[in-house]
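A single chain, nothing else alongside it, follows as structure tokens in the form predicted alone.
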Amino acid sequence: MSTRHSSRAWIYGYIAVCVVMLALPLFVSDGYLLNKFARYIIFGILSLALCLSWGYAGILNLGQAVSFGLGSYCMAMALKLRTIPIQTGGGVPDFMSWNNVKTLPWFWEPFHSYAFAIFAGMAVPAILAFLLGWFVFRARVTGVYVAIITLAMLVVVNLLIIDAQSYTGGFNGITDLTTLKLFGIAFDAYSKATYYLAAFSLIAALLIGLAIIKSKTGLVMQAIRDDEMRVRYFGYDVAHYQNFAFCVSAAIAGFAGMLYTLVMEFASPTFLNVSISLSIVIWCAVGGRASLLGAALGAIVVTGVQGSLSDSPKFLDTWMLIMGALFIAVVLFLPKGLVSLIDIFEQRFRKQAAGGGGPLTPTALPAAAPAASELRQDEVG
């Protein structure tokens, strides 16, 4: 397959996904359905974030839900400070009053500003990722050990949030939130405005991700994924690039968490569960971890099918079995993920257009398998 044809197919794929997302509210007016579709899109952003670190830098982060949950709590804190009970109750959230907290804690004060809350929703996860990545990648920890460390971090942060009940709401989380209002627009959970906010956020995340992976930094990241020692011999600071991918992934996941709070209207420690982190890995793998678009579509398709089956009375008792069968089928017949269908359909179309025959074989994803060789050529040039 020529690079020109392959690139054209992928461009068409990106455009098609964007058009479908933006056109959906023209045909769906039910607020409940828009809320559900917005959730699926947010999961797509979350899966895309993992794709940047896992699919393009080879860092399997089993603690991705930490960034997601922290971003969610940052937005929830800002919205909680604007609820009517707080405005008339001395400025202290209800759950703090129940725990005999008389004054607002100092770390809650900056969240009176929406600008700070949005900044913190991305900065706090990124800073935590940077601190963890600094020690992990400088020590040249790789592979399954990174996955174990990030999973341990997830458990620790989850326990800290639950134990700090007086300041985080504990098991109940932060509830009874007001509606976000920015630039005169009210982002109600069931409105078209919130849906479009999620849709444009996914488009922006795709563009940012593409800009990164098409840059020199992205090429180095992919080369590290393919052969870390070879890149190290070229004189690159491997830990620096790994930490960069780790932090960018965390920041995007944190932004997805903020959007999720708007859609769900609460923040909860369940957003930092191990099950969510494992689900993100599954979404990314099913869609295709070597593609940003594939990872996003994997999350949207999997959560969409799962939601449809679990809501149907016919599949109430069997939907988990059906989902398991679908996962097995994808792994067996589409090992590169659902996104490999783009290459398969393009090859079929070109064969038919050329009048050719013969058996059709799935082609590999246009991942950067020869990234290290390309990097070497770039160095020589």
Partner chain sequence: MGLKRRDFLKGAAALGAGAAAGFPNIWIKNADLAFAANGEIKVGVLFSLTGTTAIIETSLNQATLMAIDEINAAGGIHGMKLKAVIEDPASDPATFAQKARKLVVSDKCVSVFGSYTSASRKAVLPVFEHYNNLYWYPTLYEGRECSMNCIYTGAVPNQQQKNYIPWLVKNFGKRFYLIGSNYVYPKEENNVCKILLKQLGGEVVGEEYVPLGHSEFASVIQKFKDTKPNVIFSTVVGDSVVALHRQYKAAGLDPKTMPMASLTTSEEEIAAMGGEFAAGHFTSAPYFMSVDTPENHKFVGDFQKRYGKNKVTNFVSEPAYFQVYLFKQAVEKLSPKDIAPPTIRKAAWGQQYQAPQGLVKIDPKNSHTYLWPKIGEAQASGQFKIIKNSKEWVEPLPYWAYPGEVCTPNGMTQKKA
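Positions refer to the first chain, counted from 1. The structure displayed is predicted, hence computed values, not measured ones.
We do not show the form predicted in complex with the partner chain, though everything after this point is about it.
Taking the partner from elsewhere, residue 178 is found to have every heavy atom lying beyond 4.5 Å of the partner chain in the model of the complex. The closest non-hydrogen atom of residue 263 lies within 4.5 Å of the partner chain in the model of the complex. Among residues of the shown chain, residue 297 is one whose heavy atoms approach the partner chain to within 4.5 Å in the model of the complex. Using a 4.5 angstroms threshold between heavy atoms, residue 31 counts as touching the partner chain in the model of the complex. The candidate spot formed by 100, 165 and 268 is fully in contact with the partner chain in the model of the complex: every one of the three has a heavy atom within 4.5 Å. Just one listed stretch, out of 57-65, 44-52, 308-316, 329-337, contacts the partner chain in the model of the complex at the 4.5 Å heavy atom level, and that stretch is 308-316. The listed set 301, 141, 208, 281 contains one residue whose heavy atoms approach the partner chain in the model of the complex to within 4.5 Å, identified as 301.
Residues 16, 17, 24, 27, 28, 29 are the members of 15-29 with a non-hydrogen atom no more than 4.5 angstroms from the partner chain in the model of the complex.
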